[in-house]
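Take a look at this one chain, the form predicted on its own, written out in structure tokens.
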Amino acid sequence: MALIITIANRKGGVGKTTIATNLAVALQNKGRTLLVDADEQRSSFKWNDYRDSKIDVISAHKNLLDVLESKVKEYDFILIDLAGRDSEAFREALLITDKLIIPTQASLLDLDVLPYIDEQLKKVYIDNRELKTYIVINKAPTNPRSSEIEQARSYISDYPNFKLLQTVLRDRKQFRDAIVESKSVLEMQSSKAKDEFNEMLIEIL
């Protein structure tokens, strides 16, 4: 039975697809992996089209439960990349997800969606008691003097349903380069981006 991991946030622009594509490559090295692009923009699907080493990817933003019913026994990992908004796919995914990863930037405008997600999770936990929810601060300032990260940690601590990862993914060019080149940072030369992503993997797996 597949371990199902969902990358989601009600807000767009927080780096969901970047994390999903990098995570898909990492999981592919551990077992048979299916990446489910549940966003009408199909960014993950297009990213895979240009890869030399293809990953199993499907596009499915409707009837997600029906689509995945036949897949859970075929794969070791199923990774769902959701659109940056509330949707039927978002609610369906939460019902079957083992691990939910919520990327967020450290700004208050991005953190403002957490109360809504928290309320949705309280409903979902009734039917999916095994769901584990993680928040990762993504696209964080590289300036060590910035106070945004500590402010974000303080804000998130008020929501016990979320486990805040210690790993912080910084706003590094190599993450952007990897998307453009249809790669993962794990497939590129050694870098701080690669090190950070490996640290995140240790925390969530």
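So that there is no doubt, residue numbering starts at 1 and follows the sequence shown. Nothing here was measured: the structure is a model prediction, and the numbers come from that model.
The protein also exists as the form predicted in complex with a small molecule; that form is not presented, and the subsequent description refers to it.
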| property | result |
| --- | --- |
| Listed range touching the small molecule, judged in the predicted bound form by heavy atoms within 4.5 Å, from 165 to 173, 53 to 61, 143 to 151, 26 to 34 | 165 to 173 |
| Selected contact from 179, 136, 68, 156, since only one has a non-hydrogen atom within 4.5 angstroms of the small molecule in the predicted bound form | 179 |
| Partner contact for residue 161 in the predicted bound form: the small molecule, 4.5 angstroms, heavy atom | no |
| Exercise: residue 18 in contact with the small molecule in the predicted bound form, heavy atom 4.5 Å | yes |
| Partner contact for residue 11 in the predicted bound form: the small molecule, 4.5 angstroms, heavy atom | yes |
